[in-house]
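Only one chain is given next, in structure tokens, and it is the form predicted on its own.
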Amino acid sequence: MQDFILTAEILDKARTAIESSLIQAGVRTALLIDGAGNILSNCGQDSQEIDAISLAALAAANLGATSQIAKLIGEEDFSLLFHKGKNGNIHFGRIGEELILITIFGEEVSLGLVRCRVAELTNTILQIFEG
């Protein structure tokens, strides 16, 4: 992804796309961050209850570390990570080279649905930021 200028319009379009694709499908929280861990969008029912700043920083570091692990085993990168818990699950997906989408969801939403919606949303968000 080339350099881009963030405007309120771009961020609003991204938030609307995330809400209509993921939050309305039952995902609890979705954060769009950049590779440095800066939050671009934070939406969903749990968005105010989560320490989003810490989550974003740790997610960016996690994907950075995972990228290096991928290189050690001969992969270029891993495009997504998934962690399953007792009460919640978290999915990290790369969007282009600079963006990361963090999705938090419970057992009422399937991983398959999240993966499909994130795949669809990836193209939409790339178009928003590049267009």
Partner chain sequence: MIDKKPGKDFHSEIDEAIDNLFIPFAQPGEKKPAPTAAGTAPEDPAPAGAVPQCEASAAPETAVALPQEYAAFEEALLSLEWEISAANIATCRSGLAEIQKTFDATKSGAVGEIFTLMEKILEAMSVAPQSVPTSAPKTLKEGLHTLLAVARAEDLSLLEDTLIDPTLSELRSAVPNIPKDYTKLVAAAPAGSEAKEEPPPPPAPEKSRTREPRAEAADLGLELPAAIPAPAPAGLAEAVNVHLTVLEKCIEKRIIPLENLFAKSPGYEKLLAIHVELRERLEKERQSLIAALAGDYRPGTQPPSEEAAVAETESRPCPWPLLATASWGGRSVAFVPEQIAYEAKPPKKTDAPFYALTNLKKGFFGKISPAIKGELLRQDESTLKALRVPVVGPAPGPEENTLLIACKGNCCLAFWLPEPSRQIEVPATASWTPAREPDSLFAGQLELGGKSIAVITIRSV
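Numbering follows the first chain given and starts at 1. Bear in mind that the values here come from a model prediction, so they are computed numbers and not experimental data.
Another form, the form predicted in complex with the partner chain, is not on view; read the next lines as being about it.
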query: Contacting member of Cys43, Ile95, Ile90, Leu80, with respect to the partner chain in the model of the complex [4.5 Å, heavy atom]; finding: Leu80
query: Touches the partner chain in the model of the complex: Thr16 (any heavy atom, 4.5 Å); finding: no
query: The partner chain contact in the model of the complex: Leu58, any heavy atom under 4.5 Å; finding: yes
query: Gly85 within 4.5 Å of the partner chain in the model of the complex, heavy atoms; finding: yes
query: Contact set, 92-120 vs the partner chain in the model of the complex - heavy atom within 4.5 angstroms; finding: Glu107, Glu108, Val109, Ser110, Leu111, Gly112, Leu113, Arg115, Cys116, Arg117, Glu120
